[in-house]
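In structure tokens, the next block holds one chain alone, the form predicted alone.
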Amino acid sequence: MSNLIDLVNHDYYEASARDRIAGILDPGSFHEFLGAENRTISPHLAQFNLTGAFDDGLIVGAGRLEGQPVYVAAQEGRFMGGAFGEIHGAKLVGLLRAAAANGARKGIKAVLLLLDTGGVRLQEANAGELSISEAVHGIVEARLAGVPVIALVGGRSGAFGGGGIVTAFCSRIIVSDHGRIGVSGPEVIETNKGVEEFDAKDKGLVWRVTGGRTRAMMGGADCFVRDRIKDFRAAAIAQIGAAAPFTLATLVAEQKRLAARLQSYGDCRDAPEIWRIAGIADPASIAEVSEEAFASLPRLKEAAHDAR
């Protein structure tokens, strides 16, 4: 019991994918699909003299969250930056398809995606890109079957590239201070458009554009939490119940919200400009306030996109 208490109080950012699962789900409830004995190793990495992993950097399985049956997938950001490859992606797609097929029959209440990825592996680019499109389709199928898909973002790699796209399709998004979400990473933008467009070495700029606080303030995430496993657990429990049905009305409401956001902030080039327009007297203070103070900001609550 003491080990469990230590785990749930542990930093989410520092924890491994398996520790995150153990701390978020009810104690002893997790059952892994395709465990170590199956050795689901990438068939491609050895061709590049790269060492694989027995789970290919993705753990998938079933467990309980506050007594409710859920499916969970957790990316290990310490293995190849949590990047998508053929096996990695196929495991996620299989889990999402199982959620769509078994949601009603087995009473699956949600799929939790513990995302920690820089995108697609260059060594498996075609297979990785294909898996992203299949994962998006799987999320849509699960949501249409009445199973919300909840994204949790707070790891070392954030959710970039295909991971950012996957995140955007989820029912609800939970993010911490360390969480970063984007389609193109800072270095990719700088390489393609030049340092004048985006200086990847300007860490303040990177966090202002892609960081968890900005995503929460802009409504690009539904819930901002402290960087502790127990806070992610509590948020996941709450967000399952907050997810709206996946209907045409939901999509129309979300489109209206995004159109209004573009109308209000479309000409801004940096986050402080947005905060100033939004009525925050001291935009620079956003990066300096404590996690607790930030989570209670009125603008944060207004930005959350309840239409999801």
Partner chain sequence: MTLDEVLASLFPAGNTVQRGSHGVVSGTGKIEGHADVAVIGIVDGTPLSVDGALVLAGHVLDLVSKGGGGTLMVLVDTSSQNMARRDELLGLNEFLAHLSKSLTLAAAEGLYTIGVLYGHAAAGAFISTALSTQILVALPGAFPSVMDLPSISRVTKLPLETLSDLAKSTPIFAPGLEPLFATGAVTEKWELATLQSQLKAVLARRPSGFADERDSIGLQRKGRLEARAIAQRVIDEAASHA
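Please read all numbers here as calculations on a predicted model, not as lab measurements. Residue numbers count along the first chain shown, from 1.
The next section is about a form of this same protein that is not shown, the form predicted together with its partner chain.
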Check your understanding: So, in the predicted complex, is Asp270 in contact with its partner chain at a 4.5 angstroms heavy atom limit?
Key -> yes
Check your understanding: Quick one: is Arg215 in contact with its partner chain in the predicted complex, heavy atoms, 4.5 Å cut-off?
Key -> yes
Review point. With the cut-off set at 4.5 Å between non-hydrogen atoms, does Thr51 touch its partner chain in the predicted complex?
Key: no
**Study point:** is_contact(Gly28, its partner chain) in the predicted complex, heavy atom dist at most 4.5 Å
**Key:** no
Check your understanding: Ok, Ile59, Leu65, Ile240, Ile274: which has a heavy atom sitting within 4.5 Å of its partner chain in the predicted complex?
Key -> Ile274
**Study point:** Three-residue site His137, Ile165 and Asn192 fully in contact with its partner chain in the predicted complex at 4.5 Å by heavy atom
**Key:** yes
Exercise for review: At a 4.5 angstroms cut-off on non-hydrogen atoms, which residues of 67 to 91 are near its partner chain in the predicted complex? List them in order.
Suggested key: Tyr71, Glu86, Ile87, Ala90, Lys91
